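One chain comes next, on its own, written out as structure tokens in the form predicted alone.
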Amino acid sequence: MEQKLVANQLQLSITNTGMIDAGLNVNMAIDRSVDRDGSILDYCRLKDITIQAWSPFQFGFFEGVFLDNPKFPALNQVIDRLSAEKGVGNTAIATAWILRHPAKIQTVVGTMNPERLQAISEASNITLTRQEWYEIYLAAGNELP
């Protein structure tokens, strides 16, 4: 192919963080440190390829969304608290979590519902602090070294 790749759509959500986990747990003798994707996050950043996160609200592959899901009480408690503090919906917080990553990841939200798009777009007006980003990451069951 002669054209330069400018975007790569990869699965990423608060509950699907594999490409982030390996970098956070580098040199650790734990499962999360295993690089299962060929360092795609690093490669895209080095080659100036924008990552577009598909299924940003999904957990598993066909299981549904994690927002308002009783399988994720701790995660939803944190997201709902931040939603209330910032005056936005939970989809905006989940989207803002992805947008906060330094790789400047975009989201592919897969909806044509104008109200839902409006709620999601509120993420562009929010900046999560580093502490809030990691609080969400940990509430999803992820671990840090």
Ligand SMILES: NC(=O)c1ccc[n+]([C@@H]2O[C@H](COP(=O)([O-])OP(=O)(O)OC[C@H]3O[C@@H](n4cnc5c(N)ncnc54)[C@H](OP(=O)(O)O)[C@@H]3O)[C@@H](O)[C@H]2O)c1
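The numbering used is simple: start at 1 and walk along the sequence shown. As the structure is a prediction and not an experimental result, all values here were calculated from the model.
There is another form of the same protein, the form predicted together with the ligand; it is not shown, and what comes next is about it.
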property	result
Triplet 39, 47 and 49 all within 4.5 Å of the ligand in the predicted bound form via a heavy atom	no
Residue contact check: residue 60 to the ligand in the predicted bound form, 4.5 Å heavy atom	no
Close approach of residue 113 to the ligand in the predicted bound form, 4.5 Å, heavy atom	yes
Exercise: residue 69 in contact with the ligand in the predicted bound form, heavy atom 4.5 Å	no
Interface membership of residue 108, the ligand in the predicted bound form, 4.5 Å heavy atom rule	yes
In the predicted bound form, the residue from 78, 65, 88, 99 that sits within 4.5 Å of the ligand by heavy atoms	65
Within 4.5 Å of the ligand in the predicted bound form: residues from 44 to 58 (heavy atom criterion)	54, 55, 56, 57, 58
